[in-house]
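Take a look at this single chain in structure tokens; it is the form predicted alone.
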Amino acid sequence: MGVETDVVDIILNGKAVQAQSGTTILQAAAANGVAIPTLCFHRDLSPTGACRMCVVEVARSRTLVASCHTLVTHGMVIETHSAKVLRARKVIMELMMASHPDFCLVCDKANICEMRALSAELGVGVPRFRAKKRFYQIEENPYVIRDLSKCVLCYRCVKACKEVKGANLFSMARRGFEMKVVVDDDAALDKEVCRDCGICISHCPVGALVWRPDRFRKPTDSARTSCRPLVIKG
């Protein structure tokens, strides 16, 4: 019988390294000093794999795999920044930007928008593609301003509300282009439904959720929350 070990041997970007057994490629890469870009992933939440920004190339795999929920295995050969991977990430970003409203200059998220920072990192400016844009009426209550036109469907607000706060107020509804984040059965975001905890805001990577009392103030790198301080960046 073989002896079980807590580590596995992998090849990461051409270098032989070790990783903890049971960890994801994303975690193993980070532990070895390799940063893989993410958008839907957040360290406080269970992985979703919705944005596909964290895709990597794994030897003998027919397709690129999402590193946020793919576990490392012994002997795995991984390329995190190959030409194939970078092309895929750029196309993914261009597709996201094509359907995103062009509000960057007047967006409350400004330079702390994770999507904006990632597009700059990937060298993506004006997308090559044209896509139908979704526009929703802006909702607000005394605490939260919600603009679903800017939502990238990353699930982070849904999971943060459920997994961090335990409130489970948000969910995803509809399919395809009509998919959106809803409260209850698509109820209004009134003061009785969503109060002043700020968990959803602190996890939103873009300007879809904004803390109303701080609107038009100089952006900072954190969001206010009654539970505990949470850094916006995933």
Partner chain sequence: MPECRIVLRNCGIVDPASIESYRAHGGFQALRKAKQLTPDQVVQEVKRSGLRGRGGAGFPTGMKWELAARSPGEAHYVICNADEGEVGTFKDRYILQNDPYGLFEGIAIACHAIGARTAYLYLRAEYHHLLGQLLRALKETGDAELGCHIEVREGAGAYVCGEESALMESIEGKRGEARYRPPFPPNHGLWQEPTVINNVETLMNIVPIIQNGADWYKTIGSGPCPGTKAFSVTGDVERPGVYEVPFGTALAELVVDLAGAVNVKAVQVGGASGRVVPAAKLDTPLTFETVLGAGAVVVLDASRSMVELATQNVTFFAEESCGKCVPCREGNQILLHLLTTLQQRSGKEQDIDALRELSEVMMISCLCGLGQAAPNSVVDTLEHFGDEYYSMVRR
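Keep in mind that this is a model prediction, so the values were computed, not measured. Residue numbers count along the first chain shown, from 1.
Not pictured, yet referred to below: the form predicted together with the partner chain.
Asks: Does the partner chain come within 4.5 Å of any heavy atom of H74 in the model of the complex?
Replies: No.
Asks: Please run the contact check for T63 against the partner chain in the model of the complex: heavy atoms, 4.5 angstroms, yes or no?
Replies: Heavy-atom contact with the partner chain at 4.5 Å: present for T63.
Asks: Does any heavy atom of P47 come within 4.5 Å of a heavy atom of the partner chain in the model of the complex?
Replies: Because a heavy atom of P47 falls inside 4.5 Å of the partner chain in the model of the complex, the answer is yes.
Asks: Is R174 close enough to the partner chain in the model of the complex to count, meaning some heavy atom within 4.5 Å?
Replies: Yes, R174 is a contact residue.
Asks: Given the partner chain in the model of the complex, answer whether the residues I10, V34 and V58 all have a heavy atom inside 4.5 Å of it.
Replies: Zero of three within 4.5 Å in the model of the complex.
Asks: Please identify the residue among C107, L148, V91, A117 with any heavy atom within 4.5 Å of the partner chain in the model of the complex.
Replies: Spelling it out, the residue with a heavy atom inside the cut-off is V91.
Asks: Only one of V164, C157, V144, M96 comes within 4.5 Å of the partner chain in the model of the complex by heavy atoms, so just point that one out.
Replies: Selected option: M96.
Asks: Could you list which residues of 132-171 come within 4.5 Å of the partner chain in the model of the complex, counting heavy atoms only?
Replies: Stretch hits, in order: K132, R134, V152, L153, Y155.
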